[in-house]
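Shown next as structure tokens: one chain only, the form predicted on its own.
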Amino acid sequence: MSNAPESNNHEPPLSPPPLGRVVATEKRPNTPHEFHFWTALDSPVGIGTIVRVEGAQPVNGSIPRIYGVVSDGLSYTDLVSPLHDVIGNDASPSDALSAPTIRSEIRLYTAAVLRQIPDEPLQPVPMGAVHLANDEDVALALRMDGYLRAENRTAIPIGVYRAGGMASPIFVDADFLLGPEAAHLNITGVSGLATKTSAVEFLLASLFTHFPRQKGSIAAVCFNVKGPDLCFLDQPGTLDADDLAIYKTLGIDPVPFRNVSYYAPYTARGVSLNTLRSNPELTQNVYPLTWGLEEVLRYAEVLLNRDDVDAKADALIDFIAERVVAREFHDTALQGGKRYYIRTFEDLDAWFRDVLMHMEDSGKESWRTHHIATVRKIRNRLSNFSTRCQGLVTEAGAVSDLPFGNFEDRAVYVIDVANLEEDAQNLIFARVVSALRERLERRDLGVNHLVVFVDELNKYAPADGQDTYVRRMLLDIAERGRYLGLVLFSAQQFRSQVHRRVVGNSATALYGRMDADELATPGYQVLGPATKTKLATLDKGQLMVRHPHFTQPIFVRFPRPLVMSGRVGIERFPQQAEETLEDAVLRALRRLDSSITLDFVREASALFDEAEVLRARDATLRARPANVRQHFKAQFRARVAAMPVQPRQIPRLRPTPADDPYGS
């Protein structure tokens, strides 16, 4: 019979042994914000590791606990000079292997303090044992415990922290990501290696899953500015076992986005949409984006050269926008008092023609204080819009827009501008974001919170160069968008080349693999050499995170996106060549009525030219009538059947009187 005492099941489990000890010297003392510790050679400590220090002496009746993140490391032996080692081994590296004794190596690490408990009094880090942080320690160290409570949980998973075989979920605070406390997210990293787009795709999925329902609805508008990066958000990606494990740890269902809509202008011809998502298998949720005069006149500044358009020209543009377009205009001097109601560029050009004709006929140099040269200049500039943005801006005023006022919760709206010229890109960006901001101000967008994702931010909000409408708008969003629920998620390759007020107002910042030249710029001087070295060598899927709750940057890993990458998608769903007119009209009308056939389209449009057929298609798509066939056919003007022309009878002239002196 054994005399061993019975085990007490109520005793707390033994804590793992410490992995190091805090150490301080006269030359390297500890401070309230930094401390040093040594470890064994086989300890799992590296740059970015989170550790916990248990103090030895109580302060105000409690043992202090200090949490820190490793920011630097040293390794050395008892050698005073490398020369001693060279001479001791007869200048032969191979002789070191047969030495009778092996020199002792010391590993010394420096850690930046994340948090001290208790917070007061704030003292230098005491001597004590150093432990590897567990899940609870990580939450306390990063102050995540404040927003992980069930009663007021606002935690959004952003990745996992790994150390010593442990994977701890890392959360950011929704109140500091989407507002109202702070807002906006910025991502920086080398193109192709920093996984900026992948990080945004993962983070949107995390937001849609974990954003608290009591805080309202949320949606996202993404601008696809390069290649097919965002063209396959509704198609499943390829995930391995490690990715699935991370998704399970973070509580995210690894499926693609369920509600995605795509918008793109037409090509210059106007038949097919100008998008890389043109494969017939994927066009069911791709919609045209076209605007007319009323939609773009307000943003004329985006397309005008400010060196060419002076204050007088601005005054005329403002007069046209406020007094002429989309309202009845009457001037007794024009065409005998003709009443105008201008809705399209065609109407505006006819109005300009009448104004110029009036000045020329009356010999006047001005009309309503506007000089004839200014009128001619503005007519030229405005009529040029539909040519410079062909496929987006229409002469006839056909409008197909985003569903402003009817945005859906947890939906993604992608605007594909990758194939457009810079003028059209700037116009789309300016008008869409301005409309979103105005809708959120009036609280009639359809959702309470909106994320706008913009890649290549250095192009739209550069640190230097001329002040543009788009840059001013981005600055406005960065500085006051959080009060409206409008949040900017942005990405760029070089953070130093983006306007400081835009990146400075981004409360959360992510850093992927960085270029050495970028790390040498002044904005990264707050980082230590070891942290910079790690940033320059990060693998795909690794990020450094800065967040208001984190007093120091933290390295995390996130899984592959749950959606198909652009490169894989363009191979699996190759782009279709531009369709014929009949096929394009058939595909568009079948969205409204699946029974429509190609024979119907051919028969209805056989007698009309391409421009008339496209106008009929656009009008039908805008109206979404109950009877699509009847509405489509009604858009064409009636054709009168050809009638044989009867020869006109010319009356015979009367004979000249005999007494007419001019008759002969």
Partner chain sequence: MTTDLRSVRRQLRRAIPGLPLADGSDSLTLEHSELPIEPPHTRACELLEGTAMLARRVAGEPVVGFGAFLDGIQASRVWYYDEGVPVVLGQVAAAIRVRIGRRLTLWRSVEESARFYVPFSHLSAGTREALESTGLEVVDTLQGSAGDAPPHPLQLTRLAYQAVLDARELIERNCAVEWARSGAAPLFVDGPVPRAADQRPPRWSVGVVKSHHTLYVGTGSIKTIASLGERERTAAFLIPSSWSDPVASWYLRVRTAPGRDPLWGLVRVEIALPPSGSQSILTEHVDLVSRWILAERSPLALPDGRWDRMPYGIRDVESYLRVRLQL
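None of the values given here were measured: they were computed from a predicted structure. Residue numbers count along the first chain shown, from 1.
There is another form of the same protein, the form predicted in complex with its partner chain; it is not shown, and what comes next is about it.
Novice: Identify which of Val80, Ala150, Ala241, Ala311 has a heavy atom within 4.5 Å of its partner chain in the predicted complex; exactly one of them does.
Specialist: Residue within 4.5 Å of the partner: Val80.
Novice: Answer with one of Lys364, Arg323, Arg443, Arg103: the residue that has a non-hydrogen atom within 4.5 Å of its partner chain in the predicted complex.
Specialist: Contact with its partner chain in the predicted complex is made by Arg103 alone.
Novice: Could you confirm whether Leu41 comes within 4.5 Å of its partner chain in the predicted complex, counting heavy atoms only?
Specialist: Heavy-atom contact with its partner chain at 4.5 Å: present for Leu41.
Novice: Does any heavy atom of Thr374 come within 4.5 Å of a heavy atom of its partner chain in the predicted complex?
Specialist: Although its partner chain is absent here, Thr374 would stay clear of it in the predicted complex, with no heavy atoms inside 4.5 Å.
Novice: With a 4.5 Å heavy atom cut-off, would you call Arg567 a contact of its partner chain in the predicted complex?
Specialist: No, Arg567 is distant from the partner.
Novice: Would you classify Ser98 as touching its partner chain in the predicted complex, given a 4.5 Å non-hydrogen atom cut-off?
Specialist: Yes, Ser98 is a contact residue.
Novice: Its partner chain isn't shown here, but in the predicted complex, which of 217-225, 169-177, 395-403, 85-93 has heavy atoms within 4.5 Å of it?
Specialist: Stretch with heavy atoms near the partner: 85-93.
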